[in-house]
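Quick heads-up: it's one chain on its own, the form predicted on its own, in structure tokens.
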């Protein structure tokens, strides 16, 4: 037998579905801006193992020579991202949802169990399922902190003279720009892992974030042996 089980409040679902496309637009528009000075790479000395990004990448997705367009999109949707993020944090505080989301002293140990189990490196099953496991608590809290970091580093890069104190706190203009870029890479990795986990968890998990409810199996209650028998 199946029954409807409440998963996520309406507000959490709205914040989630607004944030997802807005963050995607921010990453896309940020790439248009990055094209103008794409200096980051992984390598040593004169040897480059990986460049962010090769010219072929810009040509394939038509991302070059669109600096002004990228800045316009970036600065408009920055406000949407900030407003949505602030409302989300305020909602979790005043609704008490933070109790489910913020990691506790058991979350880190549980997160290791979840990761090892998902990678098939451990047969020990994760703890009993609840709204958010330890790995999710750490990941979702980290994304909120990353959002705050992106706003601060972005402002330091955008107004390095007017906000010289902020740029200085972040290590200078160059450091703030590198930190902003690293956070963007972090979002991309989060997207990949998050989508993979949603696919792995199945349709029910996705349905819970869309509709707020999921169909779950419940055991049938066996009728008493003498049910319906009339005593003479």
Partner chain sequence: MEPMSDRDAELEMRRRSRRAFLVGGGALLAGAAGWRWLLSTASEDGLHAPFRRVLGLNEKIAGEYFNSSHLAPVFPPDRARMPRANGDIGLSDGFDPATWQLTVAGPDNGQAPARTFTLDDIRRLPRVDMVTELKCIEGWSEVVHWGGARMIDFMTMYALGTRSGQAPDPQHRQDDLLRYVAMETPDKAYFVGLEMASAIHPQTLLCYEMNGKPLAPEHGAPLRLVTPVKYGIKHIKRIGTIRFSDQRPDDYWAKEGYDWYAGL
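Residue numbers count along the first chain shown, from 1. All values reported here derive from a predicted model rather than from experimental measurement.
This next part talks about the form predicted together with the partner chain, which is not shown.
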{"item": "Contact residue in the predicted complex, chosen from 140, 132, 88, 77 - any heavy atom within 4.5 Å of the partner chain", "value": "77"}
{"item": "Partner-contacting position among 52, 61, 190, 206 - heavy atom within 4.5 Å of the partner chain in the predicted complex", "value": "206"}
{"item": "Location of the partner chain contact in the predicted complex, chosen stretch of 28-36, 41-49, 192-200, 179-187 [non-hydrogen atom, 4.5 Å]", "value": "28-36"}
{"item": "Any non-hydrogen atom of residue 173 within 4.5 angstroms of the partner chain in the predicted complex", "value": "yes"}
{"item": "Residue 117, heavy atom within 4.5 angstroms of the partner chain in the predicted complex", "value": "no"}
{"item": "Proximity of residue 169 to the partner chain in the predicted complex, heavy atoms at 4.5 Å", "value": "no"}
{"item": "Residue 160: touches the partner chain in the predicted complex, heavy atom cutoff 4.5 angstroms", "value": "yes"}
